[in-house]
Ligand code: HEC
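Next up: a single chain in structure tokens, the form predicted alone.
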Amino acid sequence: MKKYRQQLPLLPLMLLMIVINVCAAPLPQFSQEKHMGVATCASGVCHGKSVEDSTENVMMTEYRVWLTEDDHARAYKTLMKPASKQIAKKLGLKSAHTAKICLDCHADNVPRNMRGKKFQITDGVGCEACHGGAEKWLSDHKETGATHEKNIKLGLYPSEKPRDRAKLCLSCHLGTKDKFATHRMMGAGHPRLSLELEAFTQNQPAHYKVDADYEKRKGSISSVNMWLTGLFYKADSQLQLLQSKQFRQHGLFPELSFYECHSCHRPMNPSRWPVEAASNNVPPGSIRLDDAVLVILASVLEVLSSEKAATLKSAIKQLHAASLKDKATIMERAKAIQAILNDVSVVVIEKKYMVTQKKILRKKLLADAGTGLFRDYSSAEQVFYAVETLSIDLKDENKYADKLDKLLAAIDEEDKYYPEQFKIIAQLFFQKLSE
């Protein structure tokens, strides 16, 4: 985890026109175009140059950045490590590097009849895993007169669009109805999954530059709006999954990865059952659905739409109450929360935020953290990313570097996370902002 991300230029906000439940582009893994392989992009006359080419409108070093700096390039190799072999053995798999449930996220695992001559599954999460099958746009995208819009029509995935980017990243870092890291996989040793869209985007080694040319071709979006898009889409994705086979199909027990990991996986002492859990209809001894992104959205909406915030808070309580009844009731309540978020998401995501509003959002999150609202590790983690994003956007991250460092230190080691420490640090940060 990097502490402070290099801020990209804040360019004019493009019109997003995002409605969460409107169909986005199909994920690259399920595109209709063949995946031609990383080697088709890697030559010195394409994206494999050793130094940036100032005569082109892209860096031309994209392949080298991916190969030498990006963990996605090593995703397949991870499956060959001893830890991965042990996970596969515990799951009864022949091997991790041949199992579909592993390859679906650790590689560009398209069907064999959709692989070009230079395609190698061992390339891991390569170019086309994110940019879509290049069969139709590979030759055309470098020709005179080629446009970004035309490339998209030919199968290029529109990863610059916030909702499509969120859908793509979350398809592996959260899961879909077709591929999902289950509690059984985690029990065998797979790490807990986590994603905050804007923070993870900025922490990736950049193989593009948001300059005037980029803005002309693809538009741009502020980091705050990207952060909000990630929150809404992650919430929507989780709620969809609660209504999918991934939650339903496990017999007597529901799929436990939908629950807050640390409500069980923590030291027995001191007791960490929070009073807030009682107010959300969760009695002591119960496992709780992971509601981190929902409670953070509720705090955000208290600033941006107080009426919707109250409605969302009530719906979250009903969801937790449903979790003590049966799967059908959980699915019903999840669908109701989706409707609430869909009703407000476009306005919140499209809005251009002024400095004052960004400061209020940051203070609100820290104020709520200071009351102990975000006690769970997953919600505290998301709050740190949010406060960091807002601080970088406000260009005062250096002024509050000490406070950000302490907030990060409180969540930096998951197994050593202590809610009261995070609460106190948030209080002090809030006080500093109030001076």
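The structure displayed is predicted, hence computed values, not measured ones. The first residue of the sequence shown is number 1, and the count goes up from there.
One more form of this protein should be noted, the form predicted in complex with the named molecule, which is absent from this view; the next part is about it.
In terms of contact with the named molecule in the predicted bound form, the residue from A83, A310, V355, V347 that brings a heavy atom within 4.5 Å is A83.
The contact with the named molecule in the predicted bound form, taken as any heavy atom within 4.5 Å, belongs to M185 out of A336, A321, M185, I360. When contacts are defined as a non-hydrogen atom within 4.5 Å, all of V58, L91 and L256 contact the named molecule in the predicted bound form. At the 4.5 Å threshold, heavy atoms of P191 reach the named molecule in the predicted bound form. Put simply, Y63 is close to the named molecule in the predicted bound form: some heavy atom of it is within 4.5 Å. Although the partner is absent here, A298 sits far enough away that none of its heavy atoms falls within 4.5 Å of the named molecule in the predicted bound form. The shortest heavy atom separation between H47 and the named molecule in the predicted bound form is within 4.5 Å. Of the candidate stretches 232-240, 322-330, 300-308, 96-104, only 96-104 has residues whose heavy atoms lie within 4.5 Å of the named molecule in the predicted bound form.
For the partner-free chain shown, nothing in 402-435 comes within 4.5 angstroms of the named molecule in the predicted bound form, judged by any non-hydrogen atom.
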